[in-house]
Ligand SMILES: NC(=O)c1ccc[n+]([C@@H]2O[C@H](COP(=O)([O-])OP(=O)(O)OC[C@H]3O[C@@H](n4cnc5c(N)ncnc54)[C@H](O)[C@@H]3O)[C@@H](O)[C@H]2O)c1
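Before any questions on binding or motion, here is one chain by itself as structure tokens, the form predicted on its own.
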């Protein structure tokens, strides 16, 4: 992976920032792309302090011009694009009966339209370079197991898995493999904030987890890096759960507390 370049959209977030750092340890130049410019700069500075090559890029993932400009900036400053990891998204709490059209559109745009725009722009660059590449879309177990009171989140995440399949078919001819990663609940600053507000929620969730803990950001990041590696070139167009067996736990006999 040395001398390669990755764009991580949502790169300042809990999962995105760990993915950025892990790529850097493999010698990959990292573009930390995020709407939060200051947070992106902080992640970039931490990578630089460890000797990595990186830039922070401000981007609005749902804006066509902003995404196109972000990819141009990366190519101008880092020379190329070899990998794209799309982590940008949101998680609006609203059951369908109470959800506004604006909330629905915002959620789908943040996950799916953002993925489309980043994939199109970065994909064009990879095709022009002529030596392949890899794309990973950050989906969720919610793609297969809908989350109550998150009426748009699961549909958006499910669409990302389908989109990975679509791109995997279209781009295989260019040597670009495209996959989705579907984490279970990950321990991130946002998750910790929710648990602090609703401590009983974690206890309820852990009863359903065959492995009695959440997935760690570094575990998700290692899967992403593997899917971008030469060893994973034949993995294409699929959504891969990293959930400790959660999706298989429908008949799981949770131990009594």
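Since we're looking at a predicted model, the values are computed, not measured. Positions refer to the first chain, counted from 1.
The following text describes the form predicted together with the ligand, which does not appear among the structures shown.
For the options 73, 162, 103, 90, the one in contact with the ligand in the predicted bound form, meaning a heavy atom within 4.5 Å, is 90.
Though the ligand is absent from this view, in the predicted bound form it lies within 4.5 Å of a heavy atom of just one residue from 68, 201, 216, 190, which is 190. The stretch among 149 to 157, 125 to 133, 168 to 176, 92 to 100 whose residues place heavy atoms within 4.5 Å of the ligand in the predicted bound form is 149 to 157.
The ligand is not shown here, and in the predicted bound form it never comes within 4.5 Å of any heavy atom of residue 244. The ligand is not drawn, but in the predicted bound form it has a heavy atom within 4.5 Å of residue 36.
Contact annotation for residue 138: at least one heavy atom lies within 4.5 Å of the ligand in the predicted bound form. Although the partner is absent here, residue 78 lies well away from the ligand in the predicted bound form, with no heavy atom inside 4.5 Å. Residues 61, 62 of 61 to 86 are found to place at least one heavy atom within 4.5 Å of the ligand in the predicted bound form.
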